[in-house]
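In the block that follows, a single chain appears as structure tokens, in the form predicted alone.
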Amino acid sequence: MGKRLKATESLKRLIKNYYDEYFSWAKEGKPTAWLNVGVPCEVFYAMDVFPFYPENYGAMCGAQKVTPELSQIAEYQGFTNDICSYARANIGSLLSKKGPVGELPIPTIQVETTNSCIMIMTWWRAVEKLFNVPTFVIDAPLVKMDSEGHHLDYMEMELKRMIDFIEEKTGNKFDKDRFTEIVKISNEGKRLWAEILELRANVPCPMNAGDIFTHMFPMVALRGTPPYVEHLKFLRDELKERITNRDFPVPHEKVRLLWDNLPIWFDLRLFDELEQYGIIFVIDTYTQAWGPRFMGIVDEENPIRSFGYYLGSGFLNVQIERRWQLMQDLIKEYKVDGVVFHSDRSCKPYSLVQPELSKLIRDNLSVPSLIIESDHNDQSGYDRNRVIERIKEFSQMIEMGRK
């Protein structure tokens, strides 16, 4: 149970170096930017503006179980506990000047996009108001399946406006040649990430969900940098080695499950615990947001327009038909026996369509599903034993249905 990847030590160094560099840039007075996860960091690396993702930081707060304390600080200042726990942890950290890595430097600028959830806009506006941070909002119109036609033209224009904003507020110019090289490196890593996700389709699966969620970090914050590619190669090769040597976290799988929505960051060990019962989560919808289906290879001949396509076709910017297609593909490709929907109190846009998806999966694929309720970042009210028991009972039901 809980068989750790050697690549995890590499990841720890990667994260430490990233935070060290962020603090160093801020101390030297070099421009930094806070971005939500839909905004392409490649543009900022090309402009010598350090990209920092508060959602990643929020996940760190959750993993280190400091979200309730930081949330209370935000709530005392009038922020309701109905808002996302990422936001409450981040704002509480800023107000108290403490957190997992100490006092966070205030960014030079902020950029966010409306393709994820309305809470991001509220969160970024709060930081803008509290700390007088210039903020740019990328407007991403809702689409049915993909951003195309006039929608795509609009997204390309929005990204060009964003670049103008960065140049104006930081004084740093957009270097097209450097950007092209960074995009090439980013694409190399995306191909590796796609390969890593594909390797999980192996039976038995070489990697559990807790590990893949942890190793998402470079896909969010380090795309386009050499360490990002080096790490993903290391991870890919280790998974291949596991398959060759038949060294699996669950050698005798009983039930292969799909996890929908964000993980429970403060309890990633949940996935390890379930392994002892032959239960393994072989794939997850959230990791696909950086995979080939939602943020695939960027067109190196026209990268800005290509990024506009991915921004405009983001995971929460499309209609349920796209989510349903993704579910069908994953269930078939990964030989999934059942789906666990995490109804996330802090991520309502992701969670709202889950009952309908559950019905579509049952009626069209005869695949059972389970809905559990929690919060991805705040352990207040979390009943771990209850969650484990419900997943165990669900898995036992699947096994009994085979007889």
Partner chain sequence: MDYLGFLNEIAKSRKVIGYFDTYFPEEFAYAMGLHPVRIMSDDEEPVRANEFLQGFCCPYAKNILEQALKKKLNFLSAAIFTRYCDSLRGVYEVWKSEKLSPVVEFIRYSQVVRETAKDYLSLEFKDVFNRVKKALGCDYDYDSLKYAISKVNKKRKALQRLYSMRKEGKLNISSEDFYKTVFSSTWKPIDEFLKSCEALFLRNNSVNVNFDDKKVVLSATELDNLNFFKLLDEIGFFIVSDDIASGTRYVKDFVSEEGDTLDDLIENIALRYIMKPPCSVKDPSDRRIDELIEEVKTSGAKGVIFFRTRFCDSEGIEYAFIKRRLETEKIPHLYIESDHRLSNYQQLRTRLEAFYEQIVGI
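Treat the numbers as computed from the prediction; the structure is a model and nothing was measured. Residue numbers count along the first chain shown, from 1.
What comes next is about the form predicted in complex with the partner chain, which is not displayed.
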If the cut-off is 4.5 angstroms on heavy atoms, which of these, K176, K97, R246, H150, is the one near the partner chain in the predicted bound form? H150
V318 within 4.5 Å of the partner chain in the predicted bound form, heavy atoms: yes
In the predicted bound form, is there a heavy atom of the partner chain that lies within 4.5 Å of any heavy atom of E301, even though the partner is absent here? no
Though only this chain appears here, would D378 touch the partner chain in the predicted bound form if you measure heavy atom gaps against 4.5 Å? no
Given that the partner is absent here, does P349 sit within 4.5 Å of the partner chain in the predicted bound form, heavy atoms only? yes
In the predicted bound form, do E9, F234 and S306 all put a heavy atom within 4.5 Å of the partner chain? no
Interface segment, criterion being heavy atoms within 4.5 Å of the partner chain in the predicted bound form, picked from 115 to 123, 168 to 176, 275 to 283, 202 to 210: 115 to 123
Does any residue in 358 to 387 get within 4.5 Å of the partner chain in the predicted bound form, counting heavy atoms only, and if so which ones? K359, E373
